[in-house]
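Just one chain is shown here, as structure tokens, and it is the form predicted alone.
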Amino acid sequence: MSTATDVPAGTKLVDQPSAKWFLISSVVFFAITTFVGLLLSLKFIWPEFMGSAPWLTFGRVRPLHVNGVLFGWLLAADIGLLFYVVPRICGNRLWSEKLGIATVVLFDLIILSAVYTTLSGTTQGLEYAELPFALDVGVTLAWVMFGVNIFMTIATRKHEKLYVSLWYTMGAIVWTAFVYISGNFATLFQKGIGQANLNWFYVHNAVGLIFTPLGLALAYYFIPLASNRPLFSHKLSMIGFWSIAFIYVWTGAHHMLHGPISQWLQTVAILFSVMLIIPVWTVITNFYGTVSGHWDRVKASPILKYLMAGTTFYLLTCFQGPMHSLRTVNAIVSKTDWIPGHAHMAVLGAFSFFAIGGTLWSLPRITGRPIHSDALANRSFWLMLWGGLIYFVSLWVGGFMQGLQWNDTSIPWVDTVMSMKPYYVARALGGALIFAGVVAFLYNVFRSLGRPEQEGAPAATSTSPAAG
């Protein structure tokens, strides 16, 4: 039985400007890019919405939304939270706050530059890899700066044992470097099937080897703390880590089933996709086992609501993935709106919920200012939860029906497009609720930052249960 450690309530706060500014900037980008996503959902209902100016067309605004959510919000939030988490597990301070601040500045400049390049059409034209070469170099440099800071913090740690969150963090740093370079640099030297294979390796592993290990590192830290319970099984967490390390890298090709790639590669992708059940069940068993018998704490804490809802969405996401890798299912759902529904549940429902829960826990401890309103934190959770469910289900059902129609050659393609309108209306409704929840989260964070500093105050609020 193991648990993470945290600074006890009442301990003098240690200034962590790099963690604070990463979190603040990420929350702002979260609101902006979610609003862009809402605009896109309206364009599915009214194609002429936003006019015909080139920089407002779907082909330019959609990459802005995708890259903004993935990098401007989620990756930045994960970096900020790890700047908070890793020193606490190691028992020391972040190796270099100056390097951390430089990383924040560089990262935010990249995101702001990406807004211009994406809307102007200056992209590489590859899924998830739209950023131009110069910005890719900047992202790589920022990641090296982050990695050096984290590895040096771990190398100079006071606590000898490595808690599971550190394993996932170190793995994510190495894997991200490999995945990002493959998807944004190596693909430029490939053509045809080779490029497609590398691109889908990047797209799938951006979730599997970047956001999954980062999200799980945070969840493994915050769930025991927020529930005031020891981790259910450290041994099980190690099985999950090493199985992800060896399995996930081979799954990306399941997005190209029935395409012009080798049958053996398709079969390998299917086999390893199904094997993902191993790391998923270790994670789910660990997280549910940690709070088992103490579900009343989930009811009382908006932080635990986010963390445990994220756990459930992670389970559903990783059930869908292996299922749609099967050839018979893939023949129906591949390239349909079912896929964006699946991706949104992973990025929003699982990993964004982990990041939001972590932000609500850590910001009060970084700033000494308690969360403005528990009631508002609960309200934002329910808005995002119900909005997300409407969004996900409308795309799953609509996408499945879409795929069945595509497989029926007697149905004109334009009729399959028209039949999706009710699902797109539901999608927009879900998107509006999600955006309302994000705005409530943003408002809560900034009202909290405006409160007077109160040393040890986080432990006095129900959004910050006593540290385990």
Partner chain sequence: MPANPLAKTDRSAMALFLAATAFFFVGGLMTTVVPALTEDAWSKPVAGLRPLTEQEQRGRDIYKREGCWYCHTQQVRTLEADVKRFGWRGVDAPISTPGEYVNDSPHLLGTRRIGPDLSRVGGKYDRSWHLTHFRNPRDLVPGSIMPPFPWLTDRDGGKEFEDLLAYIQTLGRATDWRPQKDYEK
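Note that the structure is predicted; figures quoted are calculated from it, not measured. Positions refer to the first chain, counted from 1.
Although it is not shown, the form predicted in complex with the partner chain is what the next lines describe.
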{"query": "Any non-hydrogen atom of L198 within 4.5 angstroms of the partner chain in the predicted bound form", "finding": "yes"}
{"query": "In the predicted bound form, F246 touching the partner chain (heavy atom, 4.5 Å)", "finding": "yes"}
{"query": "Close approach of V280 to the partner chain in the predicted bound form, 4.5 Å, heavy atom", "finding": "no"}
{"query": "4.5 angstroms heavy atom contact with the partner chain in the predicted bound form for M323", "finding": "no"}
{"query": "Answer range among 97 to 105, 150 to 158, 290 to 298, 380 to 388 for contact with the partner chain, defined in the predicted bound form as heavy atoms within 4.5 Å", "finding": "150 to 158"}
{"query": "Option touching the partner chain, based on a heavy atom within 4.5 Å in the predicted bound form, out of F435, Y424, F441, F29", "finding": "Y424"}
{"query": "V393, M145, L316, I261 - the one with a heavy atom within 4.5 Å of the partner chain in the predicted bound form", "finding": "I261"}
{"query": "Residues G121, N407 and M418 all lining the partner chain in the predicted bound form, heavy atom within 4.5 Å", "finding": "yes"}
{"query": "Stretch 331 to 363: residues contacting the partner chain in the predicted bound form, 4.5 Å heavy atom cut-off", "finding": "A331, S334, K335, T336, D337, P340"}
